[in-house]
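Presented as structure tokens, the chain that follows is alone, the form predicted alone.
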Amino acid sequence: MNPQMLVDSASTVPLPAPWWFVEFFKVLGFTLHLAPMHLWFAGLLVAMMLRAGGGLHARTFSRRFAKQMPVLVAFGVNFGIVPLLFLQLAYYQFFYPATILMAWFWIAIVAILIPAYYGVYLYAFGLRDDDPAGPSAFRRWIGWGSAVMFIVIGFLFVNGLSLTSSVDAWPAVWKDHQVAGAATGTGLAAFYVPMVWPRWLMMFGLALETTAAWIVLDAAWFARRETDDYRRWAGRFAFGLAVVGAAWFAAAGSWYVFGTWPGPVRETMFAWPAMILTAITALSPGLPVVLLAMLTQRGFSRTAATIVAATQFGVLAINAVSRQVVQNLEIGKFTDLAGQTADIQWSPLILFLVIFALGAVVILWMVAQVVKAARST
């Protein structure tokens, strides 16, 4: 079967916004989603491990992080709506067939997210500052269960988004998971698309670095009740965690680029001018590591912690841009994405921008209140 046959070519629905607008907010929304998502993808697992086998400062961070998790999950889920909407808007010919082929796994994301979200509340509400014994065994198991479920959710998302751009794999997935020509929705991309495993692992390595950046940001701005000794521990531990994350990212990224990129994609991304983006994407995770090393050597400060966090956010943005370019190259051989006609709908476009701006203001106000409360203690 020619994979092109599975791509809807009859639809001529124009985009309600310019192509550049769609791409910009898809990447921006994905970057905003990545930051809190990384904290529950890898950060919660790190916090649970520190609670189980760490010292006094490690348990202090674990307690602090667990109490922050309900808000971080809420931010991550809501920020994820923006890139998902723009993905469905401009890539519907590829997104919907892919998620239909793995429908049961895609729907399972919601079924897993709900108990995982409740789990972080149950675990966080069992923590007390004056209770050295920590939460009960039941609540600890709940915490571990939530950490595992968030990792599984990340794996399923990578499956869906990888299958979206891997049209060549659709015939095999459909053939193995169909009854009388109807897809059963039981196909998992990990068994058909080689890039799934390295992308998932690469994202986990990057998430470890994001967690490291959050550790120092939290210690500098929100942990006013903690001691200077705790802040020094936070800087040292964050540096070690960032080193592990950067090495993990490099190993998985090499597998992803050299082991799974199709020939045409690799040729384009290693040719001028795209090679600049490829090089920056590969090298950028090393910059937060260098900054954290300087932070641990020269002393802890709010300014230094903020620079580390802002740099890590920039690393996430660069990776989001790079992934978007690769996705467009993978899909580009089946349709001209940038050539889609646009019939600009100004009313919903303006409404979206207004709501997006108001949402950003509200979030900044919420963060400012948290900082103010931390100062007052």
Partner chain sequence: MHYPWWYVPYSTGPMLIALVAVVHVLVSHYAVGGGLFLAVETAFAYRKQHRDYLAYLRRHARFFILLTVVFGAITGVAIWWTIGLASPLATEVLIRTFVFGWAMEWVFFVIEIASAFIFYYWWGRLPERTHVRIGWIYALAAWISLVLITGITAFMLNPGDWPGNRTFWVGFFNPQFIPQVVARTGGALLLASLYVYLHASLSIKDERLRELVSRRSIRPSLAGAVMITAGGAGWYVFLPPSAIAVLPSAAVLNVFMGLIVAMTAVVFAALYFGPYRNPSWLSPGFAAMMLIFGFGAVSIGEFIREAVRKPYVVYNVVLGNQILPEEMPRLAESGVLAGGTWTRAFVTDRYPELIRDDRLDLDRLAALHHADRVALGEVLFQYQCNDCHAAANGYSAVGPLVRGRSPREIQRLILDFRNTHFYMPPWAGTPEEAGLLADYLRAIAPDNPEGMFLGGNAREDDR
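Everything numeric here is computed off the predicted structure, so don't read it as measured data. Residue numbers count along the first chain shown, from 1. So that the term is clear: the rigid core is the largest set of C-alpha atoms that superpose within 1.5 Å between two forms.
The form predicted in complex with the partner chain exists for this protein as well; it is not shown, and the discussion that follows is about that form.
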| property | result |
| --- | --- |
| Segment that reaches the partner chain in the predicted complex - one of 230-238, 262-270, 277-285, 73-81, heavy atoms within 4.5 Å | 73-81 |
| Site check Trp144, Ala147 and Phe191: each within 4.5 Å of the partner chain in the predicted complex by heavy atom | no |
| Val257: touches the partner chain in the predicted complex, heavy atom cutoff 4.5 angstroms | no |
| Close approach of Trp221 to the partner chain in the predicted complex, 4.5 Å, heavy atom | no |
| In the predicted complex, Trp248 touching the partner chain (heavy atom, 4.5 Å) | no |
| 4.5 angstroms heavy atom contact with the partner chain in the predicted complex for Phe24 | no |
| Heavy atom within 4.5 Å of the partner chain in the predicted complex - residue from Ser301, Gln88, Gln297, Ser136 | Gln88 |
| Sequence-ordered residues of 328-352 touching the partner chain in the predicted complex, heavy atom within 4.5 Å | Gln340, Thr341, Gln345, Ser347, Pro348, Leu349, Leu351, Phe352 |
| Core-aligned C-alpha movement of Phe313 between the shown form and the other one, 2 Å or more | no |
| Rigid-core frame, C-alpha of Phe356, shift of 2 angstroms or more between the shown form and the other one | yes |
| After fitting the core, Trp20 CA displacement of 2 Å or more between the shown form and the other one | no |
